[in-house]
Every structure is written in C-alpha cells, then in structure tokens.
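The data below hold one chain only, encoded as structure tokens and taken in the form predicted alone.
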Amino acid sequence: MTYTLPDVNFQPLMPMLFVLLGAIVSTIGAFNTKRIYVTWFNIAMLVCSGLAMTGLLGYGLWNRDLTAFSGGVRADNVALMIGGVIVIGSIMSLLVSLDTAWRARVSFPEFDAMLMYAIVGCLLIAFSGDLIVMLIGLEIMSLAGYVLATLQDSRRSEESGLKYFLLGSVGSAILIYGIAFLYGATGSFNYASIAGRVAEVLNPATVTDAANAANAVALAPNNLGILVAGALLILSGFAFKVALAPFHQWTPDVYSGAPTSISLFLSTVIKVAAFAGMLRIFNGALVDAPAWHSVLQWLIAITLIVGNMAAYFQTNFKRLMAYSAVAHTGFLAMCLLAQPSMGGPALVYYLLTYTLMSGVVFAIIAALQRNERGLNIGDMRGLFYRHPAYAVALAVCLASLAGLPPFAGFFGKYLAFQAAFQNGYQWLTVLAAITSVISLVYYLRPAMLMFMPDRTPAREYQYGQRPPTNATVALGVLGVILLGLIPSLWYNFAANPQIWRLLAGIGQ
C-alpha cells in the first residue's frame, strides 16, 4: 500500500499562520497578562500577515499563484488583495477596542482570541481554492462572530447574538445544502474543476474524451437542474452572510446590540470575507452557470430599496449605519453581475473604500457615545464646536458613503454602476442611482447637524484622550481622500486582466 504525502507548502499559508499564532497566544498565554499587551501583540501579528502578503518579509507571493493542500489553499493575487483589506479592517477594529473594550465590558482575553479566530476564518475564505476550505473558513468566521456579538454582559447583546446565531445557522445550512448539490452536479469541490464541469454540463459537445462524451450528453439535462439548484442555494446562504434583503433581518439588531468595536468588525471584515467567497464562486467556479444572475439582480434591487428607505427613518446612529451596510451590500453585489475582468476590480476597490469609510464612522461613534446603545442623530448637533477633528472626519466619510466626489466612495459607486450597466443591467443601474440620491438625505442630515450650534448647554461631553482611535480615524480619512483623488493607487493593482482570467484557476 502506498501513501501520498499531503501537499503542504507553508509559503501561501504564512498570512494565516501569523494570525493563528496571535489567536493561540490570546487563548493560552493571555490570562496572566494585561489585555493591552495581548492586543498590541495581535496587531503586530496582523501587520506581519500583511507584510507576508506584500513580500516584505523576504519572500513574495504576488504573481506567484502558490497553492497548498492540492489546490485547497491558493495565494493568488485576488486572495492577496482581499486579504490585505481584511487585515486593514481587523487592525482598525483592534485599535478602536483598545479605547472602548473596558466600557463595553469585554476587556478580557477571550475577546481578542475570538476576534483573531474570526480573522483566520476570513482569510481562509479569501485564500480558498475549493468549497471545503471555503466552508471551513466560513464556519470559523461565523462561530467566532456569534460569540463576539454576545460577549457583552447585557440582555440586548445576548438577544442580538442569539438572533445572529439562529439566522446565521439557517444560512450556513442552506449554503452547505447548495454545496452538496453542486458536488452532485459536477463531481468536484475544486473551483477550477467546477468551472470546467459547468462548461461540460452546459455544452456536452465540448467534452473531448470520447469515453465520457456519451455520458456527458446523457447526464447534461439532469445535472443542469441540480447545478442551478445548487447555485441558487449557495447564493441564498451567502445572502444571509452579506445581508442581502430579504435575508438582512439580523443586521440592525446585531449591529446595535453588539459592542461598537464588534459592529465595526462585522460591518467591514466579515462582509469583505463573505464577498470574497461570493467572488470565488460566482465570478470563478460558476461564472458561466445559468439562473443565478437573474435571481441576484432582483435581490440587489430589493436590498437597495429596503436598505436606503429603512435608513431614512432611523434616529439611532448605529442602526442607521446597519441599514447603510445593507444598502452598500446592494451596491457591492452589483459588481458580481459583471464579467470578472470588470466586476472583480470594481469589487476589490469598493471593498477597501467601504472598509475605510465605515471603519472611521464606527470608530467615531465608539469615541463619542456614552454607552453601547450608540448615539442619537440629534446628539451630533454642535459636534464641530466640541471636537472639530471628529466632525470634519465624520463629514468626509459620510459624504464618501453617499458617493459624493472627490472622495473614494464616489469612484467606488461609479465602478459598480459601470460594471452593471455595461453588462446589460441598465434598469438596475438607474434604480441604484435613484437610491443613492435618497441616501444623501440620511447621510447629510447628521453632517449638517454637526456644524450647527448646540443650544442645550446642560449637556456634558467628556471625550478624553484616545490615541488608538484617533490614529484609526486619521488613517481612514487619509485613505478615503487619497483613493478618491488618486484611485489608481489601488485600482491599477486590481485591474490587471490576467488576474481575473485565472480567478478559477483555468488555463494554468
């Protein structure tokens, strides 16, 4: 009997191994150490992970398309770009938690451990080369996210976390059921193999192996139905994870009930990772599969309407940002409707800009709020006269979220609209433009209040010194402005057509 040794190549695993080291240290060695030291160690591990992706640690991953575990883990350029966005959002979350975890009553080692395990899962999704690795990463991310949402010792947090767990479990079950269907239709979990089998199912005449050609012709009608069912089930499962309507019900309660630093993490890092999985599957393995485009366009339309209209009526800032996240999910998902060479770069650019914009807003909310219930919109009145730097930073990011030039959000929405419009979804682009105009109202309302004098002197505000949060805000605003004025800083990396031709590993 012969045994085949597993294909273990540590180079493509290094970005995840650094984060895993931080998670293990937080789990085992942090109970006799102050949390601030553990958090800074984890931030250092995230920086090392980012450096490993860029090649500054002595070896480079860019343009090498390295794999491990027989293609189960794949460090291609798409994984490196999205992994970089995940690392940036994670560092922002940890920096903000340094100032706010004590107030949210989550300043203990389990917080950092769960956060780092969730990041490991997020990176696994981005670096996945098959459905099994993607599912493992998704479940690690989801389970850690459920725990993070309930860590705060309050009824609101426990209620929101339970809702997140129940609905998220349903979404995971549907996604796993879809994976089973997809395997039944194609006989493979590997993205590249699935893409090839999809072509055979859709056009059996392309099968070159004479021994399999007859079987392909005979099985094509049956496999097509299973393939479509699998694709739609997977789409529904991911719709829960990214908060596409009508699968978004958990979002406002979880974002408002969880500690604000966790709301930042869920709004940015978790969303980026879930879209990484959708990009791998729907712009890679299932790019030629039928039916899912038609369903996705209607989900996007419902999401744009529900997210923007619901946000219009919110008075609590955290709930407003929750529905804003739902609305931006619709804008982001428009990129998936286009061909990978156009939609892929647009999605990667938008994910980075959304992470920076949303991260800054949640960081400022965390700094200003008196408790974890968040701020009311009316509390923003006169902020410019109390804390001008926060007011200007928040105004910049709200304007960018609304899609106003010259900020990065404008170019992100432009790329998403262009991707959908040039691929035949003109009506959806028009709807997206209309809802984007509606968003101006609920984004600019708090922005205007900040620059109006506060006529209620009885209020007392104590902000204190928050260097980590201030650094997060400064770097985020700088990124939003630079990516708006010079979008090529990031977009040129993502727009290389060769990256997207090889997204599913075809042609290697």
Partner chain sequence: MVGTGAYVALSGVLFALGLIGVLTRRTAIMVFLSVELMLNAANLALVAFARAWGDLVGQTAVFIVMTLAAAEVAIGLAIIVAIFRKRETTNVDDLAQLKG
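Since this is a predicted model, take the numbers as computed values, not measurements. Numbering follows the first chain given and starts at 1.
One more form of this protein exists, namely the form predicted in complex with its partner chain; it is left out here, but the text below deals with it.
Visitor: In the model of the complex, which of 70 to 78, 264 to 272, 291 to 299, 169 to 177 comes within 4.5 Å of its partner chain (heavy atoms)?
Guide: That would be stretch 169 to 177.
Visitor: Among Leu232, Leu143, Ala195, Leu224, which has at least one heavy atom within 4.5 Å of its partner chain in the model of the complex?
Guide: Of the listed residues, the single hit is Leu143.
Visitor: Exactly one residue in Pro246, Pro388, Gly378, Gly187 has a non-hydrogen atom within 4.5 Å of its partner chain in the model of the complex; which is it?
Guide: Comparing distances to its partner chain in the model of the complex, the residue within 4.5 Å is Gly187.
Visitor: Though only this chain appears here, would Met309 touch its partner chain in the model of the complex if you measure heavy atom gaps against 4.5 Å?
Guide: Met309 lies outside the contact set for its partner chain.
Visitor: Indicate whether Ile132 is a 4.5 Å heavy atom neighbour of its partner chain in the model of the complex.
Guide: Output for Ile132 is yes: heavy atoms within 4.5 Å of its partner chain.
Visitor: Heavy atom to heavy atom, is Tyr323 within 4.5 Å of its partner chain in the model of the complex?
Guide: Yes, contact at 4.5 Å.
Visitor: Any chance Ile305 has a heavy atom within 4.5 Å of its partner chain in the model of the complex?
Guide: Residue-level check for Ile305: no, no contact with its partner chain.
Visitor: Can you work out whether its partner chain is within 4.5 angstroms of a heavy atom in all three of Ile136, Glu159 and Tyr183 in the model of the complex?
Guide: Yes: each residue has a heavy atom within 4.5 Å of the partner.
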